[in-house]
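One chain comes next, on its own, written as structure tokens: the form predicted on its own.
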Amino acid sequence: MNKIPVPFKVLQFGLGTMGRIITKTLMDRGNLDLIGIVDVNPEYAGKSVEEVLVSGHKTSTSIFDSLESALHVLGDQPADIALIATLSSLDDIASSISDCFEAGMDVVSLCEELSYPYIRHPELSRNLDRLAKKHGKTVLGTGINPGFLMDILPICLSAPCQRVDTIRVTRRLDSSRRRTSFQKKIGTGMSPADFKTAISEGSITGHVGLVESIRMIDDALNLELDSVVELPPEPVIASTGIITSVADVKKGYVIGLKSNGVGRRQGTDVVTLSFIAHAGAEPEFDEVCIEGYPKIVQRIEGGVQGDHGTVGMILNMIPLVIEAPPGLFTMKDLPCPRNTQSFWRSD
């Protein structure tokens, strides 16, 4: 007699721009059961997820203002895993991660700094690893980038190489096809002077995670890099007027940016990651070029759509994180990522 498949129970943190995209996909995923969302936004008080998303789902999934209130309603161990889709800084989500451990949940997050936290946050990484093992839980930071395109993909593509000399990864995308919050994040419509000010003030940071991706590649391939640096983002200037969903950009104004990270050894650029995002960028692609023997060049024509790819990575890693041993892990430490829509709870 065949057993009825049992879905993995998921408690999600964050119902912001990316959180909403994740939620919509999660609710349509048969092997995942969204049991609630934690979000501090007062506008969500007393509402269900279905109300906020104007969803056609007949279920009613509660939104809680804290993990404590969620546990009060859902019980002491409400879910198999917590999905944290809130902030990019590990300092900002570390307490939430440890609280989830204590509530008996594994954790997967799209926090970029969590993708490879050991250099930027050495003490915090040790503490999270210790806490995870103490509670028998696992934590992973992932996404499309960092988490796959600029780290795991080149790591895997290096397997046939007898020798690796240099690695260059380029991600080029037309930002006008992306959500408006992303277009604003890269300075679309700003004057060059305002862009420069935004860079110096930190309101524009370029692509978060380049350093983490390079560190992961270095660790996986034992490249023994001397230094890893993220260069200041450079504006891409419109050569002619262009209309976007956030601004009618005049000639001479900013339509996006270029952001580079470099890993060096003995004065040589061994790993170079280039993130290029601006309105009208053509062609769009993701490309890995490994100089060595044999040389490998792999291009994904059209590129991987970032939001959809991030959702796919987060949801597909859930079963693998739950089955992993306790501790803090990065994508290079776990089994090969794959689509897991047909994976179900083992009990």
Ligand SMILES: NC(=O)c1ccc[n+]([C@@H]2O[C@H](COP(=O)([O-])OP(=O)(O)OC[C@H]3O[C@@H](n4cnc5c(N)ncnc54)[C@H](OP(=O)(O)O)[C@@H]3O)[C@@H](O)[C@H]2O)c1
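Residues carry their position along the shown sequence, with the first being 1. The structure displayed is predicted, hence computed values, not measured ones. Superpose the two forms; the largest set of C-alphas matching within 1.5 Å is the rigid core.
Form predicted together with the named molecule: not shown, discussed below.
- For the candidate set Ser175, Ser259, Asn145, Thr138, a heavy atom within 4.5 Å of the named molecule in the predicted complex is found for exactly one residue, namely Asn145.
- This chain appears without its partner; in the predicted complex, the one residue of Val40, Ile300, Leu53, Val297 with a heavy atom within 4.5 Å of the named molecule is Val40.
- Judged against the named molecule in the predicted complex with a 4.5 angstroms heavy atom cut-off, the residues Met18, Tyr44 and Thr310 are in contact without exception.
- Per the 4.5 Å heavy atom criterion, the named molecule in the predicted complex is contacted by stretch 81-89, the sole one of 81-89, 222-230, 98-106, 190-198.
- Residue contact check for Ser181: one or more of its heavy atoms lie within 4.5 Å of the named molecule in the predicted complex.
- Although the partner is absent here, Leu110 is a contact residue: one of its heavy atoms lies within 4.5 angstroms of the named molecule in the predicted complex.
- Among residues of the shown chain, His121 is not one whose heavy atoms approach the named molecule to within 4.5 Å in the predicted complex.
- Contact check for Arg168: no non-hydrogen atom falls within 4.5 Å of the named molecule in the predicted complex.
- Annotation for Gly206: C-alpha shift of 2 angstroms or more between this form and the one not shown, rigid core superposed.
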